[in-house]
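The data below hold one chain only, encoded as structure tokens and taken in the form predicted alone.
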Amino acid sequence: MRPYVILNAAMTLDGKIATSSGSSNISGEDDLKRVHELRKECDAIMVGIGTVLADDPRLTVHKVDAKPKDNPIRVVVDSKCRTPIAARITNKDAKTVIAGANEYKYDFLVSDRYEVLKKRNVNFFWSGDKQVDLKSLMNYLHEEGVEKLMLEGGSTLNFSMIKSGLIDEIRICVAPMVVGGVNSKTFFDGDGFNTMDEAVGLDLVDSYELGKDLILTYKVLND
């Protein structure tokens, strides 16, 4: 068993979620409120360590009316255990789980960072060799009571999750802008598939305009 996973993101018309310099302010104000309403509905929200290092997100509900109990559990996929102690995701506004890989477990457990994070009641989950076993992580989160999980990437984690068949739904905000850039992050990066026959199929189930943006909702056609 695993949570129902909704991947949510905003991208430009040319599929970029950030520029090569890391600028990622794509969504309009209406879409940001939509995102926070979705956070409020979910039991957990998950990002990769790249997002934590680049954006230092809080991953709490704060663009709409909410109480502290409405904050989802924050999950960081951080194979090498690089989460900084100054990261806002480690504050006490909500529960936090850092998922690391077994190869890096011992060195981290004897580090000062571990002691600091442990005192903040950050929880840890270990799986996989050099990379977190995402299926094991999903099973663990389900056992911890997570029924619905919101995935906010970034692009490498997005691809790893969809390649593993762990995404059920995609909600994407398409902004009317083009940024280009061969080094700009796209919605899905990672290794990619070799052929179109391997691509993951999607079924468009909803679409609507939100301010200047276009919101698309797809069901993922997992085998």
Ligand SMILES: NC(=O)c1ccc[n+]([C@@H]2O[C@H](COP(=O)([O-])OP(=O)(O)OC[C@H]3O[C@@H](n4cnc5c(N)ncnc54)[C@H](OP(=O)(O)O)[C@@H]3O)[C@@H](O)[C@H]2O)c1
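Everything quoted here is computed from the prediction, not taken from an experiment. Numbers follow the displayed sequence, beginning with 1.
Below, we turn to the form predicted together with the ligand, even though it does not appear here.
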**Asked** So in the model of the complex, does any heavy atom of L157 sit within 4.5 Å of the ligand?
**Response** yes
**Asked** Applying a 4.5 Å heavy atom distance criterion, does V146 contact the ligand in the model of the complex?
**Response** no
**Request:** Mark K40 yes when one of its heavy atoms lies within 4.5 Å of a heavy atom of the ligand in the model of the complex, and no otherwise.
**Result:** no
**Item:** I98, heavy atom within 4.5 angstroms of the ligand in the model of the complex
**Value:** no
**Message:** Considering non-hydrogen atoms and a 4.5 Å limit, which listed residue (S111, Q131, S136, N91) is close to the ligand in the model of the complex?
**Reply:** Q131
**Complete:** With a 4.5 Å heavy atom cut-off to the ligand in the model of the complex, the contacting stretch among 193-201, 174-182, 65-73, 46-54 is 46-54
**Item:** Contact check for I26, D78 and G153 against the ligand in the model of the complex, heavy atom at 4.5 Å
**Value:** yes
**Asked** Quick one: which residues from 1-31 get a non-hydrogen atom within 4.5 Å of the ligand in the model of the complex?
**Response** A9, A10, I17, A18, G22, S24, I26
